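Okay, here we've got a single chain as structure tokens, the form predicted on its own, with questions on binding and movement later.
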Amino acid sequence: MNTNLTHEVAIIGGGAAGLAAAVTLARSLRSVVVLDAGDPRNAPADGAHNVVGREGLAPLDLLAAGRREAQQYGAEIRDDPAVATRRTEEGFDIELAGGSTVSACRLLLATGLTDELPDVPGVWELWGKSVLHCPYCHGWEVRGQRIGILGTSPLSIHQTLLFRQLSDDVTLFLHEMPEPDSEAWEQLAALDVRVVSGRVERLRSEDNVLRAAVLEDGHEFPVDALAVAPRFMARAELYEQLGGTLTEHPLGRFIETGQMGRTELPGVWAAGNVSDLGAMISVATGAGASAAAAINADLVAEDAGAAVRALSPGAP
């Protein structure tokens, strides 16, 4: 394997969090490399929302702009996913899928998460279009339409109430969720939410447009959009390779961090969806910049200590 010169910081993941961190670090004159697998979670979506100044921009266009910004300050970006990492005396060695190894003094994990979708035929094919989960990311686009909620847990009641804000025509499919309690039934009735018992067998679509939810007994219920609740699973294999442990959450699992993204592992930070399952693009961007500032401060302290020792050879 060819080992490159050591970078001060390696960022694994080229999404909003990773690119924001790259810009921040590069503007602080740090040598930084971004290692990108090229499979952003939001690629199926038509637009990125709640992003000030870039509202509605296609996700891939948003990332392309972020790349250009990072590169103009000197950040290096490699389209080569990291497949393994190990700690060294100097920091970390990161093995890439292409066979090379990148070395870095500090590591920022911005690897995002994987959406584990309900096992209902049609859900994956329409994911990010008419099948969605976040009312803040995609609710405006389906406002006033016939919206279905695929019940999978008690949290589906909360999801139903959020989407009821956006439409007068909302149907909760109990599907695999437990029976709602009395308070939930009162809320659903007061808000005129239609409730359908039975399991949803599949989604029916025409020309990639959702038309109906089909129950196991064959009954169809017309819907224009369906809200689902994925399990959010952090892409954290590299973190576990280094000895880190993941935190379980009712919605999935993630890397728990302290202030400004510092993890339990020395020299390792995390930002974005890998450490915050509910982070929208704007939140992930802020987290990446915050983690980068913390990493830079850590390196500044190390540099200052080294400078003092250089002037005092006898000092410990």
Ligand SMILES: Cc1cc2nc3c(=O)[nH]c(=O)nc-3n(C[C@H](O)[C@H](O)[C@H](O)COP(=O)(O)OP(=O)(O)OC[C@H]3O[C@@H](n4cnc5c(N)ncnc54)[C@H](O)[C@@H]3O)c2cc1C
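The model shown is predicted, which means the values in this text are computed figures rather than measured ones. Start at 1 and count along the sequence shown; that's the residue number.
One more form of this protein should be noted, the form predicted together with the named molecule, which is absent from this view; the next part is about it.
Checked against the named molecule in the predicted bound form, the residues 32, 35, 291, 70 give one hit for a heavy atom within 4.5 Å, which is 35. Of the stretches 125-133, 99-107, 190-198, 207-215, only 125-133 has residues with a heavy atom within 4.5 Å of the named molecule in the predicted bound form. Contact between residue 137 and the named molecule in the predicted bound form is found at the 4.5 Å heavy atom cutoff. The named molecule in the predicted bound form comes within 4.5 Å of no heavy atom belonging to residue 26.
Mapping the unseen interface onto this chain, residue 115 counts among the residues with a heavy atom inside 4.5 Å of the named molecule in the predicted bound form.
When contacts are judged by a 4.5 Å heavy atom cut-off, residue 281 counts as touching the named molecule in the predicted bound form. Residues of 181-210 include none with a non-hydrogen atom no more than 4.5 angstroms from the named molecule in the predicted bound form.
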